[in-house]
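Only one chain is given next, in structure tokens, and it is the form predicted alone.
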Amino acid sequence: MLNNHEKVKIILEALPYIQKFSGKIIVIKYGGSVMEDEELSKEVFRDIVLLKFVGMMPIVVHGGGKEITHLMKKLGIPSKFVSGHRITDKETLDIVEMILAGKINKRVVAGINAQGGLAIGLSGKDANLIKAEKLVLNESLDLGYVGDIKSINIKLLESLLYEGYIPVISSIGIDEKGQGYNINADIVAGKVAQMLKAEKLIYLTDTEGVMDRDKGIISHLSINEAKRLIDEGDIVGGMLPKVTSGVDALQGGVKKVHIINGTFAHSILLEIFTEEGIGTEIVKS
């Protein structure tokens, strides 16, 4: 049990970070196993609300792949992935939109509001928030209704932030004809952070960060080091879109990218308000 002096010391240690990041935009990709744990999710929502009340401007981008896969399995529909993208036919797209824009988005909004925040739920279809086009990885493979981001409605997000709201974004895009697209949530988070020139982009994952070949955590990466690991095939699977979108975000003006284990209680606060931090940070150089 901490005594009063120890509690005060902890608060004072956080003060320089509060001063440094007050008024700054923090984009948080909420996903992984933490979404399935009610108590852990509650701690994440408390962290997000705390960031808001000490002067930061958090934005939440969420995925929901595990819930989508679970429902598809119940319906007898197989899930197939290529380079972190779910192959999405019309039936799958309906499920994706139902889970992401409906069930999960409203659950996150309600969770943040229950902790004293003022969250508002959005999908990429709202006010053309995420304009998209069909993603083509190569001509021989059709991913279906998987989208590539063309633009983000930054004015909408800025107006919500400066009115005191916490935007909660589900990763659905829309094209000029009104067709919806499924977009990897890591990529959406990276693009939102890039377009807003966010101070930090934080990915909550199920692992402790980027691992080396010996399964040790790499605590610090530069853009060039991250690209080398990708080229050498050391970063694959679900980590690949996080690192690639994080690198793109850094090159587009984001100050720092963090990949941290969201299953650790208060991992967001530990990363932002302590010198050591946790997980992997990616910086420009």
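It should be emphasised that the depicted structure is a prediction, and the values quoted were computed from it without experimental measurement. Throughout, we count residues from 1 along the sequence that is shown.
One more form of this protein should be noted, the form predicted in complex with another copy of the chain, which is absent from this view; the next part is about it.
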Q: Answer with one of 135, 196, 174, 152: the residue that has a non-hydrogen atom within 4.5 Å of another copy of the chain in the predicted complex.
A: 174
Q. Given that another copy of the chain is left out here, which of 235, 247, 50, 35 has a heavy atom within 4.5 Å of it in the predicted complex?
A. 50
Q: Sort through 140-148, 79-87, 199-207, 154-162 and report the only stretch with a non-hydrogen atom within 4.5 Å of another copy of the chain in the predicted complex.
A: 154-162
Q: Mark residue 217 yes when one of its heavy atoms lies within 4.5 Å of a heavy atom of another copy of the chain in the predicted complex, and no otherwise.
A: no
Q.
Would you classify residue 266 as touching another copy of the chain in the predicted complex, given a 4.5 Å non-hydrogen atom cut-off?
A. yes
Q.
Quick check on residue 191: any heavy atom within 4.5 Å of another copy of the chain in the predicted complex?
A. no
Q. Looking at the partner-bound form in the predicted complex, is residue 46 within 4.5 Å of another copy of the chain by any heavy atom?
A. yes
(Q) Using a 4.5 Å cut-off on any heavy atom, which residues of 14-43 would contact another copy of the chain in the predicted complex? (A) 14, 15, 18, 19, 22, 43
